[in-house]
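As structure tokens, one chain now follows by itself in the form predicted alone.
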């Protein structure tokens, strides 16, 4: 058996990397969140909990939280519904489905900045749709703009969900599907009784990945609306960068970042726990 010293020696490099690339930056951000540092002065002044108290009364933070919540909830449902639905349609092997899988996944590898500018050219005031199809203020009206951002986020992200759900569908035992067919079960009955329980872990992974990703949406907002009109489409991540670098309030931006990190961690753990409970209920 390995001694404790050997185990510590083997874990040492991983612990050092974890400390250097995660714990130290978090600790620095935590320290700056209690200061008024503007990014220019060498010695930031401590301000206690003032930055966190300001968060509670900041209208911009409240608007950004609402926009982020809408994009996260609608986007998580949209990505998973579209991903699972298309995965079920593409869960067969031929040249056509292989081509469609590549096409669906392609937006994810293009990059959010490029996708944002692409859709800005389509949905903008001088874009293709506004000029040639229907004159709708997709990016100039706050409600339409949030809806447009959500649609573009789902369009660019759900290819990953298709791949993950396809991988999950490959784990469904063919013998169970054959047994369901022999018993006279229809497609919906087979999906509900056989496929869905096996897919439960894939559903958990997809929900958590999309949830965490959408809480950090920044690039598409930057390229599509720049947070406008009048800051009404700023997400929380966009506001952090705006407060930190445009307004030179790195201390306040650090407080926003720490708050977002805590929210993401709590939601990820909460959703994972709920999904694990649901998986056990489905398997029972």
Partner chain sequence: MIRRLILLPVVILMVVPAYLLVVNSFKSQQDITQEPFGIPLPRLSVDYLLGALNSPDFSLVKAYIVTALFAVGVNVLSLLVSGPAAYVIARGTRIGHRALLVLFLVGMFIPSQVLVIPVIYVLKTLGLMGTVPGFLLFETTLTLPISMFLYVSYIKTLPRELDEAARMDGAGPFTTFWRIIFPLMKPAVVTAIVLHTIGVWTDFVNPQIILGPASSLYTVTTSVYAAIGKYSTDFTVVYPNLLVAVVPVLAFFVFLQRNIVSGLTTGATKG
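We call the rigid core the largest set of C-alpha positions that still match within 1.5 Å between the two forms. Bear in mind the structure is a predicted one, so any value in this text is a computation, not a measurement. Numbering follows the first chain given and starts at 1.
Form predicted in complex with the partner chain: not shown, discussed below.
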>> Counting any non-hydrogen atom inside 4.5 Å, which residue from 186, 135, 173, 111 sits next to the partner chain in the model of the complex?
In response: 111
>> If the cut-off is 4.5 angstroms on heavy atoms, which of these, 78, 147, 197, 107, is the one near the partner chain in the model of the complex?
In response: 107
> For the chain shown here without its partner, which stretch in 67-75, 189-197, 89-97, 173-181 has non-hydrogen atoms within 4.5 angstroms of the partner chain in the model of the complex?
Replying inline: 89-97
> Does the 4.5 Å heavy atom contact test between residue 25 and the partner chain in the model of the complex come out positive?
Replying inline: yes
>> in the model of the complex, is there a heavy atom of the partner chain that lies within 4.5 Å of any heavy atom of residue 44, even though the partner is absent here?
In response: no
> Any chance residue 7 has a heavy atom within 4.5 Å of the partner chain in the model of the complex?
Replying inline: yes
> Taking heavy atoms only, is residue 167 within 4.5 angstroms of the partner chain in the model of the complex?
Replying inline: yes
> Across 192-221, which residues bring a heavy atom to within 4.5 Å of the partner chain in the model of the complex?
Replying inline: 205, 208, 209, 212, 216, 218, 219
> If you line up the core, does residue 20 shift 2 angstroms or more at its C-alpha between this form and the one not shown?
Replying inline: yes
> Any chance the CA of residue 261 moves 2 angstroms or more between this form and the one not shown, core superposed?
Replying inline: no
